[in-house]
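What follows is a single chain, given as structure tokens, in the form predicted on its own.
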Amino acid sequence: MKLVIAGGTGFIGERLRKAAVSKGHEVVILSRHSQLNFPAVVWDAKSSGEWQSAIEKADAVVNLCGTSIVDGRWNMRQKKQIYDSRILPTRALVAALSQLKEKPKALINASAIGFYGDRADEELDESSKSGDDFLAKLCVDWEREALMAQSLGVRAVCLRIGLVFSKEGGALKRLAFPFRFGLGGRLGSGRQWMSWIAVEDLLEMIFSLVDSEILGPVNAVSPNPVRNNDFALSLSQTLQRPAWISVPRWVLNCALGEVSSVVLSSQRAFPKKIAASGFKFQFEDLSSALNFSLK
């Protein structure tokens, strides 16, 4: 299998590259950096160029480009950077596909469960409507760009990724940090739903989607979302630390501004499409995922 990964040096992309190589797949990385310790094709993630030939005859292009959404408070400049870092690479990739004689079979494009906005206790699957906040509108535009590949005869998948758990850092490391010092607890009311996935399951999901006929949006989450309060209790039990501190919503709003919506919004999402395909999760429940990722 030939796999082209855009954003292959990021948190998920780096792990996908290593997993693909370990499986014996041919991997091509599109990167803005020329000095890497593995072969890569340089691109600017904005425009056409010689890099386009690298994606010809690929089995799939996996686009994971996008700057972090939680590094600092959002202002107009940062929102534009968050938006452009996702929209422009996706647009460039689809434009490149239109010029190829032998196109990849699939474009697997990152998105996020932020697509749904804040939905309280509503059960969400891939047919649920979008939200109306900044992240939701971003995901709508992001997916629209990716799905244009289907008019070119390329199967397009939009991975609505939840909170990713990994032994090697990422969001879980940040969330666990205060708990390790006995300063953990629920955020806001603690009633908001958290949709999550172990990185091992996310990588296997991507591999399975390359060979499947699934198209359109796919919720990349475990089948067992949890409330933030239950997450805090499970995390404290895993780390054997107390979880007695709660952070009120107003404190998070003051400290983080609009970024607080990332941890306060409620998204109870289920992986309806991938489950129907017969995909088996290695980590279905929170406890097993936390034990594996944190111990």
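Quantities reported herein were computed from a predicted structural model and do not represent experimental measurements. Position 1 is the first residue in the sequence shown; the rest follow in order.
The following text describes the form predicted in complex with a small molecule, which does not appear among the structures shown.
Check for me: heavy atom within 4.5 Å of the small molecule in the predicted bound form, for each of F115, G117 and P223, yes or no. So, no: the whole triplet misses the small molecule.
If we define contact as a non-hydrogen atom of the residue within 4.5 angstroms of the partner, is S287 a contact of the small molecule in the predicted bound form? It does not: once the small molecule is placed as it appears in the predicted bound form, S287 has no heavy atom within 4.5 Å of it.
Are any of the heavy atoms in F11 no more than 4.5 Å from a heavy atom of the small molecule in the predicted bound form? Yes, contact at 4.5 Å.
Is there any non-hydrogen atom of S111 lying within 4.5 Å of the small molecule in the predicted bound form? Contact with the small molecule, yes.
Spell out, yes or no, whether the shortest heavy atom distance between V28 and the small molecule in the predicted bound form is within 4.5 Å. Contact check for V28: no, nothing within 4.5 Å of the small molecule in the predicted bound form.
Please determine, with the chain shown alone, which of 205-213, 143-151, 79-87, 175-183 has non-hydrogen atoms within 4.5 Å of the small molecule in the predicted bound form. Every other range fails; the passing one is 79-87.
Please tell me which of A45, A60, A54, V263 lies within 4.5 Å of the small molecule in the predicted bound form, judged by heavy atoms. That would be A45.
Proximity to the small molecule in the predicted bound form, single hit among V259, L64, A243, V247 (heavy atom within 4.5 Å): Spelling it out, the residue with a heavy atom inside the cut-off is L64.
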